[in-house]
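Consider the single chain below, provided in C-alpha coordinates and representing the form predicted on its own.
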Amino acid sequence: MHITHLSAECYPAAKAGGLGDVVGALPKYLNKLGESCEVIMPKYKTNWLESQDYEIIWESDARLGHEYFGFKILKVENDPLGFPLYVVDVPGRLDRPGVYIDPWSGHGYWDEFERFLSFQIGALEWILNREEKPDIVHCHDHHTGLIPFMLSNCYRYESLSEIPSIITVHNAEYHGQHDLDRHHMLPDFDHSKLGLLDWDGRLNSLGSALKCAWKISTVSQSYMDELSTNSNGLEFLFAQEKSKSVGIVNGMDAEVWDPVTDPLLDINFTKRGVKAGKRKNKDKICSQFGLNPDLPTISFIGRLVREKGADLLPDLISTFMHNEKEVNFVLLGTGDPGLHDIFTRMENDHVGYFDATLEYNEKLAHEIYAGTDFILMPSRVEPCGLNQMYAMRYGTVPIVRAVGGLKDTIIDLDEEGGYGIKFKEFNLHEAENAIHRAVDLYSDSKRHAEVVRKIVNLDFSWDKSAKEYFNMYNQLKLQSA
(Lines give C-alpha, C1' and ligand atoms only; values in the text may rest on other atoms or scores of the structure.)
Protein backbone atom coordinates (compact mmCIF):
# COMPACT_ATOMS: atom_id res chain seq x y z
CA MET A 1 0.00 0.00 0.00
CA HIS A 2 1.26 3.47 -0.91
CA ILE A 3 0.98 5.95 1.97
CA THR A 4 1.92 9.62 1.68
CA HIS A 5 2.67 11.42 4.93
CA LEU A 6 2.47 15.23 4.96
CA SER A 7 4.05 17.07 7.85
CA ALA A 8 5.68 20.35 8.84
CA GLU A 9 8.45 18.41 10.63
CA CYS A 10 10.54 15.31 10.04
CA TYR A 11 13.65 14.46 12.05
CA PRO A 12 16.50 15.06 11.30
CA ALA A 13 15.47 17.35 8.41
CA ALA A 14 13.53 19.77 10.64
CA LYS A 15 12.32 19.29 14.19
CA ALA A 16 10.68 21.51 16.79
CA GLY A 17 9.20 18.76 18.97
CA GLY A 18 7.85 15.23 19.10
CA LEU A 19 6.03 15.60 15.77
CA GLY A 20 9.40 15.57 14.01
CA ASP A 21 10.52 12.43 15.81
CA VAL A 22 7.32 10.57 14.93
CA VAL A 23 7.31 11.48 11.24
CA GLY A 24 11.00 10.66 11.02
CA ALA A 25 10.45 7.14 12.37
CA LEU A 26 6.92 5.86 11.65
CA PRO A 27 7.32 5.62 7.83
CA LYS A 28 10.55 3.66 8.24
CA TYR A 29 8.91 1.09 10.50
CA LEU A 30 5.83 0.87 8.26
CA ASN A 31 8.10 0.13 5.31
CA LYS A 32 9.59 -2.75 7.30
CA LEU A 33 6.04 -4.16 7.45
CA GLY A 34 5.84 -4.09 3.66
CA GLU A 35 4.12 -0.75 3.12
CA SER A 36 5.41 1.90 0.72
CA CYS A 37 5.64 5.11 2.75
CA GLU A 38 6.98 8.52 1.81
CA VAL A 39 7.03 11.95 3.48
CA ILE A 40 6.36 15.35 1.94
CA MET A 41 7.45 18.38 3.97
CA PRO A 42 8.41 22.03 3.38
CA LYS A 43 11.95 22.86 2.27
CA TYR A 44 13.17 25.08 5.06
CA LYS A 45 16.68 26.46 5.30
CA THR A 46 17.78 24.07 8.06
CA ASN A 47 21.33 22.78 8.20
CA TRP A 48 20.29 19.21 7.35
CA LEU A 49 18.11 20.16 4.39
CA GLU A 50 20.75 22.55 3.07
CA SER A 51 23.39 19.81 3.18
CA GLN A 52 21.48 17.30 1.01
CA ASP A 53 21.61 16.61 -2.72
CA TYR A 54 18.28 16.71 -4.54
CA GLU A 55 16.63 15.43 -7.66
CA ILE A 56 14.07 17.80 -9.22
CA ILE A 57 10.86 15.78 -9.54
CA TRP A 58 8.39 18.40 -10.70
CA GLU A 59 8.15 22.14 -11.17
CA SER A 60 5.04 24.26 -11.60
CA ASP A 61 3.04 27.18 -10.26
CA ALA A 62 -0.28 27.32 -8.47
CA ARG A 63 -2.89 29.83 -7.33
CA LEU A 64 -2.91 31.26 -3.83
CA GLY A 65 -5.96 33.47 -3.77
CA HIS A 66 -5.65 35.95 -6.65
CA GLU A 67 -1.94 35.41 -7.09
CA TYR A 68 0.30 32.62 -8.34
CA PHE A 69 3.41 31.17 -6.72
CA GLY A 70 6.13 29.04 -8.24
CA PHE A 71 7.35 25.88 -6.53
CA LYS A 72 9.40 22.74 -7.06
CA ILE A 73 9.09 19.21 -5.71
CA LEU A 74 12.55 17.93 -4.82
CA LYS A 75 13.53 14.44 -3.67
CA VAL A 76 16.41 13.89 -1.26
CA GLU A 77 18.85 11.60 -3.05
CA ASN A 78 19.71 8.10 -1.76
CA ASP A 79 16.86 7.97 0.82
CA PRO A 80 19.09 8.51 3.89
CA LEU A 81 16.13 8.29 6.29
CA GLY A 82 14.95 4.86 5.18
CA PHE A 83 12.06 6.22 3.11
CA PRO A 84 11.64 8.70 0.23
CA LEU A 85 11.65 12.29 1.50
CA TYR A 86 10.18 14.93 -0.80
CA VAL A 87 10.28 18.66 -0.08
CA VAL A 88 8.10 21.45 -1.43
CA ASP A 89 10.37 24.35 -2.30
CA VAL A 90 8.56 27.71 -2.35
CA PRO A 91 11.20 30.43 -2.65
CA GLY A 92 10.65 33.45 -0.44
CA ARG A 93 8.08 31.70 1.71
CA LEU A 94 9.32 28.37 3.06
CA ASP A 95 13.09 28.80 2.66
CA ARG A 96 13.71 30.28 6.10
CA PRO A 97 15.85 28.93 8.96
CA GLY A 98 12.97 28.52 11.43
CA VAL A 99 10.22 25.94 11.20
CA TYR A 100 7.61 28.06 13.00
CA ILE A 101 9.64 30.71 14.80
CA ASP A 102 11.94 33.34 13.32
CA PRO A 103 15.22 32.64 15.19
CA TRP A 104 16.19 36.32 14.95
CA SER A 105 13.04 37.78 16.51
CA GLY A 106 11.88 34.82 18.59
CA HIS A 107 8.36 35.26 17.22
CA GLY A 108 6.25 33.30 14.76
CA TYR A 109 6.39 34.25 11.10
CA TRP A 110 3.79 36.85 10.14
CA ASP A 111 2.63 34.90 7.07
CA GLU A 112 2.11 31.51 8.73
CA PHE A 113 -1.17 30.90 6.87
CA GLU A 114 0.33 31.60 3.45
CA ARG A 115 3.45 29.55 4.23
CA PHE A 116 1.66 26.36 5.15
CA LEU A 117 -1.18 26.77 2.66
CA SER A 118 1.33 27.12 -0.19
CA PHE A 119 3.06 23.95 1.09
CA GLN A 120 -0.24 22.04 1.16
CA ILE A 121 -1.34 23.26 -2.27
CA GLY A 122 2.07 22.50 -3.77
CA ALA A 123 1.93 18.95 -2.41
CA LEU A 124 -1.60 18.39 -3.71
CA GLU A 125 -0.73 19.80 -7.14
CA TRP A 126 2.06 17.26 -7.43
CA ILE A 127 -0.15 14.39 -6.21
CA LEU A 128 -2.78 15.44 -8.76
CA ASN A 129 -0.25 15.36 -11.59
CA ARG A 130 1.88 12.36 -10.64
CA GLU A 131 1.15 9.05 -12.29
CA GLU A 132 1.14 6.91 -9.15
CA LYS A 133 -1.47 8.18 -6.71
CA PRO A 134 -1.25 7.31 -2.99
CA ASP A 135 -3.70 4.86 -1.46
CA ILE A 136 -3.77 6.88 1.78
CA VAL A 137 -2.97 10.52 2.53
CA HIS A 138 -1.82 10.82 6.14
CA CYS A 139 -1.75 14.39 7.52
CA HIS A 140 -0.08 15.47 10.76
CA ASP A 141 -1.36 18.37 12.90
CA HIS A 142 -2.93 21.63 11.79
CA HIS A 143 -0.12 22.62 9.40
CA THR A 144 -1.55 20.01 6.99
CA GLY A 145 -5.11 20.25 8.29
CA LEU A 146 -6.62 21.86 5.19
CA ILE A 147 -5.67 18.94 2.95
CA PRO A 148 -8.67 16.73 3.92
CA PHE A 149 -11.00 19.65 3.11
CA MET A 150 -9.32 20.40 -0.22
CA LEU A 151 -9.30 16.71 -1.22
CA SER A 152 -13.02 16.34 -0.64
CA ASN A 153 -14.36 19.78 -1.57
CA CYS A 154 -12.14 21.76 -3.94
CA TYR A 155 -13.17 21.35 -7.57
CA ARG A 156 -9.57 21.14 -8.72
CA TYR A 157 -8.89 17.99 -6.68
CA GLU A 158 -12.19 16.24 -7.39
CA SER A 159 -10.36 13.27 -8.97
CA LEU A 160 -8.56 12.69 -5.64
CA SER A 161 -11.68 12.78 -3.47
CA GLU A 162 -11.86 8.99 -3.05
CA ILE A 163 -8.38 8.78 -1.51
CA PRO A 164 -8.86 8.22 2.25
CA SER A 165 -7.34 10.90 4.46
CA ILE A 166 -6.17 10.66 8.07
CA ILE A 167 -5.37 13.47 10.47
CA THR A 168 -3.10 12.55 13.37
CA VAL A 169 -3.39 15.02 16.25
CA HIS A 170 -0.03 15.33 17.95
CA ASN A 171 -0.98 18.48 19.85
CA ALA A 172 -4.50 19.90 19.99
CA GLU A 173 -3.41 23.05 21.81
CA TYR A 174 -2.61 24.60 18.43
CA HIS A 175 -5.36 24.81 15.81
CA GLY A 176 -4.03 27.00 13.00
CA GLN A 177 -6.75 29.64 13.45
CA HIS A 178 -7.07 32.57 11.06
CA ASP A 179 -9.66 35.07 9.85
CA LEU A 180 -12.46 33.22 8.10
CA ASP A 181 -12.31 35.51 5.05
CA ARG A 182 -8.96 33.94 4.19
CA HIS A 183 -10.93 31.05 2.74
CA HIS A 184 -10.68 32.88 -0.61
CA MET A 185 -7.01 31.85 -0.75
CA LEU A 186 -7.97 28.18 -1.12
CA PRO A 187 -8.74 26.67 -4.53
CA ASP A 188 -12.37 27.17 -5.60
CA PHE A 189 -15.04 25.21 -3.74
CA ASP A 190 -18.80 25.25 -3.21
CA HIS A 191 -19.29 28.00 -0.60
CA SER A 192 -22.18 26.10 0.93
CA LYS A 193 -19.33 23.97 2.42
CA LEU A 194 -17.77 26.96 4.18
CA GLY A 195 -18.97 25.57 7.51
CA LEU A 196 -16.40 22.79 7.19
CA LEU A 197 -13.69 25.44 7.59
CA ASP A 198 -15.46 27.47 10.26
CA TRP A 199 -15.22 26.94 14.00
CA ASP A 200 -16.44 29.69 16.31
CA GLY A 201 -16.29 32.24 13.50
CA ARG A 202 -12.70 31.53 12.57
CA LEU A 203 -11.00 29.46 9.89
CA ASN A 204 -9.75 26.58 12.01
CA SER A 205 -7.37 24.24 10.18
CA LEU A 206 -7.39 21.49 12.78
CA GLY A 207 -11.14 21.73 13.25
CA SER A 208 -11.61 21.39 9.49
CA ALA A 209 -9.42 18.29 9.43
CA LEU A 210 -11.46 16.70 12.23
CA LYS A 211 -14.63 17.24 10.20
CA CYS A 212 -13.28 16.22 6.79
CA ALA A 213 -10.71 13.47 7.36
CA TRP A 214 -11.90 9.89 6.99
CA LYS A 215 -10.12 8.95 10.21
CA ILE A 216 -8.74 10.78 13.26
CA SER A 217 -5.88 9.36 15.26
CA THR A 218 -4.16 10.71 18.34
CA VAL A 219 -0.89 9.68 19.90
CA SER A 220 -2.21 7.85 22.96
CA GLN A 221 -5.55 6.49 24.11
CA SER A 222 -5.66 8.62 27.26
CA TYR A 223 -5.05 11.75 25.19
CA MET A 224 -7.88 10.72 22.87
CA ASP A 225 -10.17 10.50 25.91
CA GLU A 226 -8.97 13.84 27.31
CA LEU A 227 -9.59 15.81 24.11
CA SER A 228 -13.36 15.68 24.58
CA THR A 229 -12.93 17.74 27.75
CA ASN A 230 -9.68 19.64 27.13
CA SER A 231 -8.66 20.68 23.61
CA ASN A 232 -8.53 24.48 23.72
CA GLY A 233 -12.02 24.98 22.33
CA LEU A 234 -12.51 21.92 20.13
CA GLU A 235 -13.97 19.71 22.88
CA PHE A 236 -17.43 19.38 21.33
CA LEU A 237 -15.98 18.56 17.93
CA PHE A 238 -13.68 15.85 19.30
CA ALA A 239 -16.65 14.34 21.16
CA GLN A 240 -18.80 14.54 18.04
CA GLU A 241 -16.19 12.79 15.87
CA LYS A 242 -15.27 10.12 18.42
CA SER A 243 -16.73 7.29 16.33
CA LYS A 244 -14.02 7.75 13.68
CA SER A 245 -11.22 8.35 16.20
CA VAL A 246 -8.54 6.06 17.60
CA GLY A 247 -5.62 6.50 19.99
CA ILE A 248 -2.33 4.83 19.06
CA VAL A 249 0.58 5.45 21.41
CA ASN A 250 3.76 6.67 19.77
CA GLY A 251 6.84 4.53 19.62
CA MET A 252 10.46 5.59 19.57
CA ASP A 253 13.10 4.95 16.95
CA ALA A 254 15.22 2.34 18.70
CA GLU A 255 17.91 2.71 16.04
CA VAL A 256 18.39 6.42 16.75
CA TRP A 257 17.96 6.11 20.52
CA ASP A 258 20.42 3.36 21.41
CA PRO A 259 23.11 4.06 24.03
CA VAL A 260 25.24 1.30 22.51
CA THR A 261 25.64 3.02 19.13
CA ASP A 262 24.46 6.62 19.75
CA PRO A 263 26.96 8.84 17.85
CA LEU A 264 26.01 11.85 19.99
CA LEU A 265 27.37 10.17 23.13
CA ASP A 266 31.08 10.34 23.85
CA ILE A 267 30.66 7.39 26.25
CA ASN A 268 28.48 4.57 24.93
CA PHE A 269 27.24 1.70 27.08
CA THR A 270 25.29 -1.54 26.91
CA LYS A 271 22.38 -2.77 29.00
CA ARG A 272 24.73 -5.04 30.94
CA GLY A 273 27.08 -2.14 31.52
CA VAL A 274 24.37 0.42 32.33
CA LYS A 275 25.57 1.14 35.90
CA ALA A 276 29.16 1.94 34.94
CA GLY A 277 28.11 3.62 31.68
CA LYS A 278 25.68 5.96 33.39
CA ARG A 279 28.21 6.81 36.09
CA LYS A 280 30.79 7.84 33.47
CA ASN A 281 28.21 9.93 31.61
CA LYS A 282 27.02 11.47 34.88
CA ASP A 283 30.57 12.39 35.88
CA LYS A 284 30.99 14.08 32.50
CA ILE A 285 27.73 16.06 32.73
CA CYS A 286 28.31 17.10 36.35
CA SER A 287 31.87 18.16 35.61
CA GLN A 288 30.63 20.21 32.66
CA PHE A 289 28.04 22.00 34.80
CA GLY A 290 29.97 22.17 38.09
CA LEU A 291 27.67 19.78 39.96
CA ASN A 292 28.37 17.11 42.57
CA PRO A 293 27.99 13.70 40.83
CA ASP A 294 27.24 11.97 44.14
CA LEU A 295 23.91 13.77 44.44
CA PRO A 296 20.72 12.59 42.69
CA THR A 297 20.51 14.54 39.45
CA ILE A 298 17.15 15.42 37.93
CA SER A 299 16.76 16.77 34.39
CA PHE A 300 14.11 18.61 32.41
CA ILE A 301 14.40 18.56 28.61
CA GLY A 302 11.84 20.31 26.47
CA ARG A 303 10.01 23.47 25.57
CA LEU A 304 9.76 26.00 28.37
CA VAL A 305 6.04 26.59 27.97
CA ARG A 306 2.94 26.35 30.12
CA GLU A 307 1.76 23.20 28.36
CA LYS A 308 4.88 21.34 29.56
CA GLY A 309 4.46 22.61 33.11
CA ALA A 310 7.65 24.66 32.83
CA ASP A 311 6.14 27.50 34.88
CA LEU A 312 6.05 25.12 37.88
CA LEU A 313 9.81 24.54 37.72
CA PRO A 314 11.18 27.74 39.33
CA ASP A 315 9.25 27.29 42.60
CA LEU A 316 9.77 23.52 42.56
CA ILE A 317 13.52 23.74 42.06
CA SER A 318 13.89 26.59 44.57
CA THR A 319 12.12 24.48 47.19
CA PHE A 320 14.88 21.90 46.98
CA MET A 321 17.62 24.50 46.99
CA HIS A 322 16.57 25.24 50.56
CA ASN A 323 15.84 21.64 51.58
CA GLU A 324 17.88 19.27 53.71
CA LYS A 325 17.76 16.78 50.82
CA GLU A 326 20.43 17.90 48.37
CA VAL A 327 19.54 17.52 44.69
CA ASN A 328 21.04 18.62 41.37
CA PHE A 329 18.81 20.00 38.63
CA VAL A 330 19.80 20.20 34.95
CA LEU A 331 17.54 22.01 32.47
CA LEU A 332 17.71 22.13 28.67
CA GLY A 333 15.21 23.94 26.48
CA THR A 334 13.85 27.16 25.06
CA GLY A 335 10.51 28.91 25.21
CA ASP A 336 8.96 31.65 27.32
CA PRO A 337 11.41 34.61 27.49
CA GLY A 338 10.19 35.35 31.02
CA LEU A 339 11.21 31.87 32.13
CA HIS A 340 14.57 32.33 30.41
CA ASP A 341 15.21 35.35 32.64
CA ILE A 342 14.14 33.48 35.78
CA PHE A 343 16.34 30.46 35.05
CA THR A 344 19.34 32.67 34.26
CA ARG A 345 18.99 34.33 37.68
CA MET A 346 18.51 30.96 39.37
CA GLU A 347 21.68 29.65 37.75
CA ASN A 348 23.61 32.46 39.44
CA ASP A 349 21.79 31.98 42.76
CA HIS A 350 22.24 28.21 42.95
CA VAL A 351 25.75 27.58 41.65
CA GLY A 352 26.76 23.96 42.15
CA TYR A 353 23.18 22.67 42.24
CA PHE A 354 21.42 24.01 39.15
CA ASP A 355 22.32 24.55 35.51
CA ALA A 356 20.13 25.84 32.67
CA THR A 357 21.11 25.58 29.01
CA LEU A 358 18.58 27.77 27.20
CA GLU A 359 18.93 26.50 23.65
CA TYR A 360 18.05 23.63 21.34
CA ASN A 361 20.96 21.18 21.50
CA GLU A 362 20.36 17.64 20.26
CA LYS A 363 23.78 16.31 21.34
CA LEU A 364 23.44 17.72 24.86
CA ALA A 365 19.93 16.24 25.11
CA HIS A 366 21.33 12.76 24.44
CA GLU A 367 24.12 13.34 26.96
CA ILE A 368 21.63 14.45 29.61
CA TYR A 369 19.44 11.38 29.05
CA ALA A 370 22.55 9.24 29.55
CA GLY A 371 24.04 11.20 32.43
CA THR A 372 21.19 12.05 34.80
CA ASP A 373 19.32 9.84 37.25
CA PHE A 374 15.77 11.10 36.74
CA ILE A 375 13.82 13.04 34.11
CA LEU A 376 11.01 15.34 35.26
CA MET A 377 7.89 15.82 33.08
CA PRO A 378 5.28 17.82 35.07
CA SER A 379 3.10 18.47 32.00
CA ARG A 380 -0.32 20.06 32.03
CA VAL A 381 -0.89 18.44 28.65
CA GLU A 382 1.16 15.58 27.17
CA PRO A 383 -0.41 13.92 24.11
CA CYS A 384 2.06 11.05 24.21
CA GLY A 385 5.50 12.13 25.30
CA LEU A 386 8.68 10.64 23.92
CA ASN A 387 11.17 11.99 26.44
CA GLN A 388 10.15 9.44 29.04
CA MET A 389 10.81 6.64 26.52
CA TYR A 390 14.19 8.04 25.52
CA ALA A 391 15.14 8.51 29.17
CA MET A 392 14.29 4.94 30.13
CA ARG A 393 16.23 3.59 27.17
CA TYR A 394 19.25 5.36 28.71
CA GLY A 395 18.54 4.17 32.26
CA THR A 396 16.98 7.40 33.54
CA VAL A 397 13.92 7.01 35.77
CA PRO A 398 10.86 9.13 34.79
CA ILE A 399 9.02 11.43 37.21
CA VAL A 400 5.80 12.31 35.41
CA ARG A 401 2.36 13.76 35.89
CA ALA A 402 -0.29 11.14 35.11
CA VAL A 403 -1.74 12.76 32.00
CA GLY A 404 -2.12 11.71 28.36
CA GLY A 405 0.57 9.40 27.09
CA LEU A 406 2.55 9.69 30.32
CA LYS A 407 -0.35 7.99 32.05
CA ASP A 408 -0.36 5.23 29.41
CA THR A 409 3.37 4.53 29.28
CA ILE A 410 4.49 4.78 32.92
CA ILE A 411 3.53 2.41 35.75
CA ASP A 412 4.16 3.83 39.22
CA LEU A 413 6.68 2.12 41.46
CA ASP A 414 3.99 1.48 44.06
CA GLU A 415 1.93 -0.50 41.53
CA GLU A 416 2.56 -4.06 40.41
CA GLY A 417 5.32 -4.13 37.82
CA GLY A 418 6.05 -0.44 38.38
CA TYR A 419 9.14 1.39 37.17
CA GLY A 420 8.46 5.14 37.40
CA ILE A 421 7.15 7.88 39.66
CA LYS A 422 3.77 9.46 38.91
CA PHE A 423 1.79 12.28 40.48
CA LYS A 424 -1.80 13.15 39.64
CA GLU A 425 -2.60 16.81 40.23
CA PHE A 426 -0.74 19.73 38.68
CA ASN A 427 0.46 21.54 41.78
CA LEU A 428 3.67 22.26 43.68
CA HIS A 429 2.83 19.97 46.59
CA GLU A 430 2.33 16.82 44.49
CA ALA A 431 5.37 17.52 42.32
CA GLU A 432 7.48 18.10 45.43
CA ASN A 433 6.33 14.77 46.91
CA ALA A 434 7.23 13.03 43.67
CA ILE A 435 10.78 14.38 43.84
CA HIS A 436 11.07 13.32 47.48
CA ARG A 437 10.13 9.81 46.33
CA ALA A 438 12.84 9.99 43.68
CA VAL A 439 15.47 11.05 46.23
CA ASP A 440 14.40 8.19 48.49
CA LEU A 441 14.71 5.75 45.60
CA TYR A 442 18.20 7.06 44.80
CA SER A 443 19.29 6.58 48.41
CA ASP A 444 18.20 2.92 48.21
CA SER A 445 20.96 1.93 45.81
CA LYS A 446 19.83 -1.69 45.49
CA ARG A 447 16.25 -0.82 44.54
CA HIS A 448 17.37 2.01 42.28
CA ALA A 449 19.68 -0.38 40.41
CA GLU A 450 16.80 -2.86 40.00
CA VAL A 451 14.56 -0.15 38.53
CA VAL A 452 17.29 0.97 36.12
CA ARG A 453 17.86 -2.60 34.95
CA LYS A 454 14.11 -2.93 34.37
CA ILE A 455 13.59 0.25 32.37
CA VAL A 456 16.50 -0.31 29.98
CA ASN A 457 14.87 -3.60 28.98
CA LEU A 458 11.40 -2.16 28.28
CA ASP A 459 10.37 -2.11 24.61
CA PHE A 460 8.88 1.19 23.42
CA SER A 461 9.97 0.76 19.79
CA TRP A 462 7.66 1.51 16.87
CA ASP A 463 7.12 -2.18 16.05
CA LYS A 464 3.82 -2.57 17.93
CA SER A 465 2.43 0.88 17.11
CA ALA A 466 3.33 0.56 13.42
CA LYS A 467 1.21 -2.58 13.24
CA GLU A 468 -1.76 -0.63 14.62
CA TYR A 469 -1.33 2.00 11.89
CA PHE A 470 -0.98 -0.81 9.35
CA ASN A 471 -4.36 -2.20 10.46
CA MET A 472 -5.97 1.26 10.29
CA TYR A 473 -4.71 1.77 6.72
CA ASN A 474 -6.09 -1.61 5.65
CA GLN A 475 -9.51 -0.79 7.10
CA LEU A 476 -9.58 2.54 5.24
CA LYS A 477 -8.47 0.87 2.00
CA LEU A 478 -11.38 -1.57 2.28
CA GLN A 479 -13.72 1.33 3.06
CA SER A 480 -12.65 3.15 -0.11
CA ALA A 481 -12.91 0.10 -2.38
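One rule holds for the numbers: they count along the sequence shown, beginning at 1. Keep in mind that what you see is a predicted model, and the values were worked out from it rather than measured.
What comes next is about the form predicted in complex with alpha-D-glucopyranose, which does not appear here.
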property: Per-stretch contact check against alpha-D-glucopyranose in the model of the complex, the hit in 146-154, 300-308, 313-321, 204-212 (non-hydrogen atom, 4.5 angstroms); result: 300-308
property: Contact label in the model of the complex: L376 to alpha-D-glucopyranose, heavy atom within 4.5 Å; result: no
property: 4.5 Å heavy atom contact, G24 and alpha-D-glucopyranose in the model of the complex; result: no
property: Heavy atom of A466 within 4.5 Å of alpha-D-glucopyranose in the model of the complex; result: no
property: Interface membership of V219, alpha-D-glucopyranose in the model of the complex, 4.5 Å heavy atom rule; result: yes
property: Option touching alpha-D-glucopyranose, based on a heavy atom within 4.5 Å in the model of the complex, out of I121, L386, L331, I410; result: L386
property: Heavy atom within 4.5 Å of alpha-D-glucopyranose in the model of the complex - residue from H170, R393, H366, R93; result: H170
